[in-house]
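One chain comes next, on its own, written out as structure tokens in the form predicted alone.
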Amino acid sequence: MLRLSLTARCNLACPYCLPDGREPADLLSLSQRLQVVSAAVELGVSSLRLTGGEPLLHPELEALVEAAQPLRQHGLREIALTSNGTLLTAARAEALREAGLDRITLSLDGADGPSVARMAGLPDAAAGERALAAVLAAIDHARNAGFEPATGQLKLNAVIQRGINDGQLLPLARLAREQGLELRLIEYMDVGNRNGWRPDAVVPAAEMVHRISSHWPLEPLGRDAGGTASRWRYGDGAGAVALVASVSEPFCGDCNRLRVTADGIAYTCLFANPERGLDLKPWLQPGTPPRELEAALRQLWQARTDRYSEERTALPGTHAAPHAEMAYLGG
């Protein structure tokens, strides 16, 4: 999978991400982004996920989705979007569907105003209520535009942090069940250097499963090879819930995510040292043969040795080395 960030900017300030509100210099052009996607597809990538920051802030989002459609003839099977949802209007959802977007995952870390405000970095509960209403409206807009939850085209992400929003676990599960959405619960991760991560703030996936299953019994479905989430279905048939356990149950061994920042730096791990990224811009200049970019990406991936999540417990302190920031890597 290629995770392509379009912008480092965001209209929220979630404390587990903490974007700095500034774009890096030398943002890639639409043409350069297409070169990256094309090279990745030639190397066997079949899934493209567009991220940020908040990708709906990028004015060329729909144009990029549309321009990537011919790559389906070369092996691209899916184009997905991850968004906080607060900017997804009905018109935008319809435009994205018309451009050829296959799937949307919206982020919501609470089911009431105070919780949303805490997790989104908003000033008060009233602002949290407005953001919650916007995301609930975005769910309706996406569904009405043809993104069907029952086939996995519309999902909901939630980061769970002990002592901050872990009390929202059941309300979020209830909301997702009512909406017919698969809820993807994400362990609080030590991505970047700004979020003050502590191991005791992690709610392990096994605990989340136990807490939900005590109310609505769950049956395991397992984790697909290369997937980030272990899935569970509700025994009463009301859909599924997924757990991303990169802290308590790391999956470095079969990770297949290549991340490219908005300014063209490629990373092979979400927890990468910022000094270990590969700047792709030298291969994105006019006249450079596409095969050279493909060769650079192939060499980067073949040299990949990232196993940070598996090695975390043996490292001193909570950060043995600096990490690239989530707002640049796209989560």
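Residue positions are given as counts along the sequence shown, with the first one as 1. Just so you know, these numbers come straight off a predicted model, no measurement behind them.
Just so you know, the form predicted together with a small molecule exists too; it's not on screen, but the next bit is about it.
*Could you spot which one of Leu258, Ile186, Leu218, Leu71 gets a heavy atom to within 4.5 Å of the small molecule in the model of the complex?*
Among Leu258, Ile186, Leu218, Leu71, a heavy atom within 4.5 Å of the small molecule in the model of the complex occurs only for Ile186.
*Taking 4.5 Å between heavy atoms as the contact cutoff, choose which of Gln153, Asn157, Asn165, Ser230 touches the small molecule in the model of the complex.*
So the residue touching the small molecule in the model of the complex, by this definition, is Asn157.
*Look at the stretches 157-165, 91-99, 204-212, 132-140 and give the one with heavy atoms within 4.5 Å of the small molecule in the model of the complex.*
This holds for exactly one stretch, 157-165.
*Would Met326 count as a contact of the small molecule in the model of the complex, using a 4.5 angstroms cut-off between non-hydrogen atoms?*
Result yes; Met326 sits at the interface with the small molecule in the model of the complex.
_the small molecule contact at Thr82 in the model of the complex, heavy atom, 4.5 Å_ = Yes, Thr82 is a contact residue.
*Verify the contact flag for Ser248: yes if a non-hydrogen atom of it lies within 4.5 Å of a non-hydrogen atom of the small molecule in the model of the complex, no if not.*
Close contact is absent here: in the model of the complex, Ser248 is far from the small molecule, nothing within 4.5 Å, heavy atoms only.
*Is Thr51 close enough to the small molecule in the model of the complex to count, meaning some heavy atom within 4.5 Å?*
Looking in the model of the complex, residue contacts with the small molecule include Thr51, since a heavy atom lies within 4.5 Å.
*asked:* Would all three of Cys10, Cys17 and Asn195 be in contact with the small molecule in the model of the complex, where contact means some heavy atom lies within 4.5 Å?
replied: Yes, the whole candidate spot contacts the small molecule.
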